[in-house]
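Next up: a single chain in structure tokens, the form predicted on its own.
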């Protein structure tokens, strides 16, 4: 593979006001557009760049995930997401994201064993949950509990020690389903169910969420496979808001549990991980399949504030490759559960039908995205909408952990400190409180 640091040309910037100029190197990655290295811009010309949302700014070098939004490409370590979702499983994808290559059988077996035997949480965490209200949002609980892990696992918080980083990474991946399931059980008023070492990652989460001590739990392989696929599709997504939050937190030297808790907090936003929750709220607002037509008209009306959640994507301009994978899974789950007359799912199916044939949606590339279909699947499985983002966090944890490890191991990284374009008041002198009224009148 090409050296991502190799210069591939230069760009010269001339400042006409000062007759100064600087020559900045162009850097090429192994894929994607060339990048202008602007690190010397301020030193040479005294200027910073202004880029709200960092949509045109690269903050790091990464070998983990690559996205081509125009072509609808998503690669984990070079592997197309479609191939991984079809042929792999979540544990194998976790290994790939963490270590860079797919494991052989011995490596895979050892990794699955290590993750499985880290799924238990410290018993005192059971009492920690009692400090939350029963109606607390699961993400509020997860932010608190994940952050609190650093108080229970002191032996894996030294970020300079590779073994500590590995153990912390395994613990976070392993314990996140347990923490999320406990948040769900706590809200339901049911006893916590401990993980079972004979179950797969997705099966364990379903067991801990839905099993009760009074009777045996019957595992549905189609549902566990669908959930495993959801975890794969959400495992990483390049430098998104929550991954960038994890990296920014990690740049300070914060412990890994604090960094992943910060990622959970960022993911909670309705424009990020909360999007699939917003999809179900939207479906509930529409209410009935017969109402879809009038709500579509509202969505088309530029003067109407109503918007359709779950359609189109900020990054993917033509199609979301994850949506094409999960669309089939959604219909498999609905077929397995025999759901034919659930009002919200009927609304969703009608919206999907219209979006795939209506010129308004097609021309604007407003295709159903991964949030649309994952919301349908999780609703069909019986999860309340408040749990949707928590399930997203389970799948995304490995991506956060991989991004955090890459940050720690990158010698070019330093504490993140974005600059700003200041638009406030310039320097003024302090006025004693007794004279401020007169000073304000004089200023008028």
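This is a predicted model, so every value here is computed, not measured. In this text, the rigid core denotes the largest set of C-alpha atoms whose superposition between the two forms falls within 1.5 Å. Positions refer to the first chain, counted from 1.
The same protein also has a form predicted in complex with s-citryldethia Coenzyme A, omitted here; what follows describes it.
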property	result
Proximity to s-citryldethia Coenzyme A in the predicted complex, single hit among 256, 310, 177, 138 (heavy atom within 4.5 Å)	310
Answer option from 271, 130, 197, 252, heavy atom within 4.5 Å of s-citryldethia Coenzyme A in the predicted complex	271
Candidate spot 314, 360 and 396, all three touching s-citryldethia Coenzyme A in the predicted complex (heavy atom, 4.5 Å)	yes
Heavy atom contact within 4.5 Å of s-citryldethia Coenzyme A in the predicted complex, the stretch among 159-167, 85-93, 214-222, 361-369	361-369
Residue 77: touches s-citryldethia Coenzyme A in the predicted complex, heavy atom cutoff 4.5 angstroms	no
Close approach of residue 185 to s-citryldethia Coenzyme A in the predicted complex, 4.5 Å, heavy atom	no
In the predicted complex, residue 275 touching s-citryldethia Coenzyme A (heavy atom, 4.5 Å)	yes
Residue 247 within 4.5 Å of s-citryldethia Coenzyme A in the predicted complex, heavy atoms	no
Stretch 102-139 - residues with a heavy atom within 4.5 Å of s-citryldethia Coenzyme A in the predicted complex	none
Residue 300: Cα shift of 2 Å or greater between the shown form and the other one (core-aligned)	yes
Residue shift check between the shown form and the other one, rigid core fit, residue 368 Cα at least 2 Å	yes
Rigid core fit then residue 82 CA moved by 2 Å or more between the shown form and the other one	no
CA-CA separation of residue 57 and residue 364, closer or farther in the predicted complex than in the form shown [shift of 3 angstroms or more]	closer
Sense of the change in Cα distance from residue 366 to residue 56 in the predicted complex - at least 3 Å versus the shown form	closer
